[in-house]
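What follows is one chain in structure tokens, specifically the form predicted alone.
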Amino acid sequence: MNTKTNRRDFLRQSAVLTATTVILPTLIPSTALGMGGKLAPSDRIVMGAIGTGGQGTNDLRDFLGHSKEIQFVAVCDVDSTHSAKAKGIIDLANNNTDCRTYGDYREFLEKEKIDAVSIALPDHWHGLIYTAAANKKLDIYGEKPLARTIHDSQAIVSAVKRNNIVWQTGSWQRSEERFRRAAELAINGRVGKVTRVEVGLPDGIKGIGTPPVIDVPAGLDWETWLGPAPKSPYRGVCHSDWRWMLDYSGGQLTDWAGHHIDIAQWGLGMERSGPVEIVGKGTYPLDGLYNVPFAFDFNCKYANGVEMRVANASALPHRMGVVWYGDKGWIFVDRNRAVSASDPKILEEVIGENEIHLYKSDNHIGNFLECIRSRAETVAPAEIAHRSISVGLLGEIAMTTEQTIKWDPKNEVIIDNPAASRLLSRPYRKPWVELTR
């Protein structure tokens, strides 16, 4: 096919030819036409999914709510029961049985000629698979947190920029009016000069002991599920409970950093920077398989003097959510309660034409699809997701070392602490090779 062929013209020609033959495709990804991912408004975006467990399936269903704009053609999961279920959902939506399934993301990325991919995986896999998809120049909807380590997170940001792809993080609170409104009031000084922020994340889980080693269930490729993480026998804890083990996640802290820490920095105007000093303590299970902190409390200082406290909900007066405190009052936002303020009149304030207006998105999936066509930056790009999870991961390092961490947010290095600096990455198990920026 001549790569100069206009995609819309090709589809129109295909429609004419199918009057006499049924062997030509009716849906061609823009990548197959050498168009660098650019799509005409009338074209459907061809997609696939890597990771089709609970969150992956939720994302898939959200995307299928935009069926006039997209079509899923393939899925990949290390558990064949997950991929089979996802295939059934897609085939039903497409009214055919054509959805292809894979167990290895490398085969998926090599064989599938698609425009974009939705990815939802345990955190320890984010670095490798996000960068691999970016290097295939696919536009990516990737679940938060961006990565398990700051090193992997940096590599993802570099891959996204280097390949000039569209990235949307699954930090959907950015597309909710209440969070945008609260952040706009804070950043425009409606509570005066903000001097401190409180960020409440969910309380953690203390543990379940150490379950016995059991046989790996049929259909699950346990070795690949572990991937770059340390070798471990199968104990029946996998698809939903991985978040409570440090080899794969940082618990509620890293799970929710991409939500509430993200919103906190949005309202500070610090979403592309970070703190300069972090100190705190965590409380960890004494035994058993679960070993992430079930309680955590750390303080972040920014170069402009603002301090941000991040803790599990039980330790804070407002519990879950974000509170910006200024010299004229405070404003609070959370997903399960109405926005509130020290003075209700604050909530009635109008943001003037010449004041700061934050990025407006009213539909997180829709914003991603719109940006695939326009090639504009999304409401939750990789750089901002990286800065959000970096705060959580620096807090984890401060709690692990029980030291005050000095951070250079411009060069993204820990200052004068080689031992803490080593915790910016985690060694990969062979044959997996650690990422470079």
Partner chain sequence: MTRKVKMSRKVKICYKKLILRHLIEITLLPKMLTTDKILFGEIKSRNLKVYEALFREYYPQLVKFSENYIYDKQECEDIVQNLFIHFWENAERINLTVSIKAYLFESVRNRCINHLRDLNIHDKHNLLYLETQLNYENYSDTPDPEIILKINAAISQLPKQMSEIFRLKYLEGKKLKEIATLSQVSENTIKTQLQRAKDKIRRILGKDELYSELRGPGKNMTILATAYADTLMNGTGRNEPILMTITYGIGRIFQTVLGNADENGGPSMQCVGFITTFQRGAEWAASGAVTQEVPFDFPTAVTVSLRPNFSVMTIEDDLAKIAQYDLTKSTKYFVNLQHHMRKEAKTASGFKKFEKMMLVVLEDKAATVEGKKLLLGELSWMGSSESIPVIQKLTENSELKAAAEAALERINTAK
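Numbering follows the first chain given and starts at 1. Please read all numbers here as calculations on a predicted model, not as lab measurements.
The same protein has a further form, the form predicted together with the partner chain, not shown here; the description that follows concerns it.
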Even though the partner chain is not shown here, does Pro285 get within 4.5 Å of it in the predicted complex, heavy atoms only? yes
How about Glu402: is it within 4.5 Å of the partner chain in the predicted complex, going by heavy atoms? yes
is_contact(Arg235, the partner chain) in the predicted complex, heavy atom dist at most 4.5 Å: yes
Options 277 to 285, 263 to 271, 200 to 208, 359 to 367; stretch whose heavy atom lies within 4.5 Å of the partner chain in the predicted complex: 277 to 285
In the predicted complex, do Ala419, Arg422 and Ser425 all reach within 4.5 Å of the partner chain through at least one heavy atom apiece? yes
